[in-house]
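Quick setup: the structure tokens below cover two forms of a single protein chain, split into structure 1 and structure 2.
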Structure 1
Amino acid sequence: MIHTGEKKDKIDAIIRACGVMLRMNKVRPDARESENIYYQMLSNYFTRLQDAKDEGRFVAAHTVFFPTEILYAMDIVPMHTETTTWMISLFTGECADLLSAGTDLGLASEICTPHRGLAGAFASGALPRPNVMLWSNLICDNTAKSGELLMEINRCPGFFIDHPFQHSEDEMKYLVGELNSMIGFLEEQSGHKMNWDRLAEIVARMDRQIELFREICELRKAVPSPFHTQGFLELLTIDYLFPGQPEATDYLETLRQELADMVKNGEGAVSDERFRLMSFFIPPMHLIGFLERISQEYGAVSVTEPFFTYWGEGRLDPNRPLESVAEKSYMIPETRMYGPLDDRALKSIVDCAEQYRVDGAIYYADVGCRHTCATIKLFKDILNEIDVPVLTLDCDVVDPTITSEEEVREKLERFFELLEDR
């Protein structure tokens, strides 16, 4: 079960791929400057991770929706485990190996591939061994349960943030207490002291970044919509890996300006916008390129993703940095899927559909992701009430063997025909 520490990890494959993307962008006439910034940021993130060991820096592996702001403020090198695993599997084509390494550990095949793959990635040495493992229960049982096994594989200590389910004052207090305990744990393990001034600066920048996320969303309401169909994945990655970092502000400001210029000029992400779509959850990684192409072909563009880009209300307050980090975890779009799905949560979907004038919705039904699939019928019913049809695409975010390009093409084409007929 133990991390095969002597093997070389696969981080360099991501760095190389980022380099290729950057070079390709340089020769592409339509490349966005924000895209260049994005790939450069990714390259820097993974280079820092790769160099961490040689430089004797302290590395904390953490799961998704984690308050990475705290790690940056403590000068700890973060490793976003799910994102790093996806990228390795995407860029090395070794997805099957990582998944089967996860199965070999005794993880059942129903455990979602992001988590089975990531356990496999640590066990097989594809991911470097961290100094500590950090995780929380945002947003599902898989995330909540993965940490202890990863601690055992990596033979490292760890800390679990117990994120409360609802959003009362008592729950906020509990969450702030959890964050404080984690800081204590990290100080002890790393020997680094929390730098509260730095955390305040990060929170101030994060507040600005949330504003920028919102402004970008506003621009996407334009007809035609300016941001390309899978662009939301960039936005997600920015918050996953760089919350409150200066380069994230740079990226978001550049992107916002690019989109604003397009809106002003009446330009859309697709040359002839015919279908405005809402997307639910994450499309299969191996189909991203194809989805972009078919989007151009049919003039179909994702204009809103209620659980990925539609930030909750509120502001962060640098004078109360830790409380703000806790508060942010309730503003992240995805956490709308976390608490009870009450009328407010459901209304936000309808609001999104109306404000963004969507014609249809696509639901990426990840076979291993039970809490997101459990809402398919519910969301469909709500959207059908306002005359928005929903296409469900069974898939797997990581494993390319679950859905083929042909299948998806066939389903999408039929769906576009249906939208056309209406």
Structure 2
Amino acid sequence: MIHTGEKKDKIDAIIRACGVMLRMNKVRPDARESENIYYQMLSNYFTRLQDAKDEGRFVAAHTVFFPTEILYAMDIVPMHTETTTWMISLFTGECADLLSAGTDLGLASEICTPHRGLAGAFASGALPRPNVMLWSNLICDNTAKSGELLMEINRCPGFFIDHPFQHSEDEMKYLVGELNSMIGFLEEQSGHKMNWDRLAEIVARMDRQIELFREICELRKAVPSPFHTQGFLELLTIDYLFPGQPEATDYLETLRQELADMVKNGEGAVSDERFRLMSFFIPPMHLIGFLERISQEYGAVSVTEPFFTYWGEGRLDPNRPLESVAEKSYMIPETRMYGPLDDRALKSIVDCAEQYRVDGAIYYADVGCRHTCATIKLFKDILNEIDVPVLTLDCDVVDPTITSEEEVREKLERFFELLEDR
């Protein structure tokens, strides 16, 4: 039996934390306006999710890299599953109860913790049950398989999108067919018809947002770099949760102007920039505050993330909205890691290292992610060829028992000493 209070606990924690951040920013003289917009967006997103069932709204839970633009166009409430787990860890400091509940289901400790935590969250009633479950094979096997389990736990229907590895004309036609089939499924399940005019408007805004992502990344090339040390996580969240939404455009335009003003005034994210870093993959959410502090302490700032913020080329066409949604899935930075690894991934690493003048790279090696850890040596070798040292931090995105603040501090301090001596 799922009790209503339990069901809303974790969502409540996220909403309350966003409220705290907004109140704190009101008294902080250095608070960014874009940060206020960001936390208000998060609060609105999770409040809408929390209230959906009481308001009789249709909820679709979906995994990462899913075409959420379609859900917004159909007036369906989206629930990004992995990001919800990350936010629980970020704002509460731990997910031990959810991971334990996932283990009780028989999921091994080697399983990616965001997915193990999701299973535990739904099974224990810590998250509201969706009406449908949507998932794809982007970007790893855990994602491809977790949808089936979550559909079973929530006793709801689901739809799987089979995303082709390669980007050819035939594969694009296949993917558009998959998206059309999903729309038919959602129309049948929800009773909501696709609003093609609304989807075209969303695609037009998404095209603008991708251009803003690129402009922001150009501004981050400045010395000193203006974007705050772990700011790339905001950019990730904006695309994951709010693609093509007006508030996302507002956030990105505000942030772009803030960074442009800082560059014009010669201001950086840290008071004395000493180390320009490249970041690979997701840092431990429960250590974000610590990572911000130690970055300020040592003058270290992440200036580029090849698989998170370095968008591929291309534009979206609102006159061909569904084809544009399919096209966008190949432009997302993370898709360079999808399928057989090739020059899309390797060249972007070298390009970013050179263009952003990085001193070193930090590789957040999530122990539960076989996809991530499989590329450690390859990426290190490529960066060593251009004389960029790499620190590998064994960690977990949401599980605090894997590594401690003290361990991370010790490794980072040694790495910064190495960079200082070069």
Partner chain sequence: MFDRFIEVNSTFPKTAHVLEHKRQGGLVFGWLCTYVPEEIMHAAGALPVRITGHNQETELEDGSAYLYVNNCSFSRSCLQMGLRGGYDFLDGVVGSSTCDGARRLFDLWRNYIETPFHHVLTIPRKSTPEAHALYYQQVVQFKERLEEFLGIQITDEKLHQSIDVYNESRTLLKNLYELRKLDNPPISGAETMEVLNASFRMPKELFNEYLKDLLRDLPSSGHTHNGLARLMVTGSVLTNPEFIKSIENQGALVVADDLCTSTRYWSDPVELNEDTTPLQAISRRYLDNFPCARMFPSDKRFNRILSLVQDFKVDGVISQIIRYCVAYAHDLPLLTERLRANGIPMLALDVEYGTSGSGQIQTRVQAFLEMLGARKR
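Rigid core (definition): largest C-alpha set, two forms, superposition within 1.5 Å. Since the model is a prediction, treat every value here as computed from it, not as a measurement. Residue numbering: sequential along structure 1, first residue numbered 1.
Panel number for the form predicted in complex with the partner chain: Number 1 is right.
Is_shifted A73 between the two structures (CA, 2 Å cut-off, rigid core): No, because once the rigid core is superposed, the C-alpha of A73 moves less than 2 Å between the two structures.
Post core alignment: I88 C-alpha displaced by 2 Å or more between the two structures: Superposed on the core, I88 moves its C-alpha 2 Å or more between the two structures.
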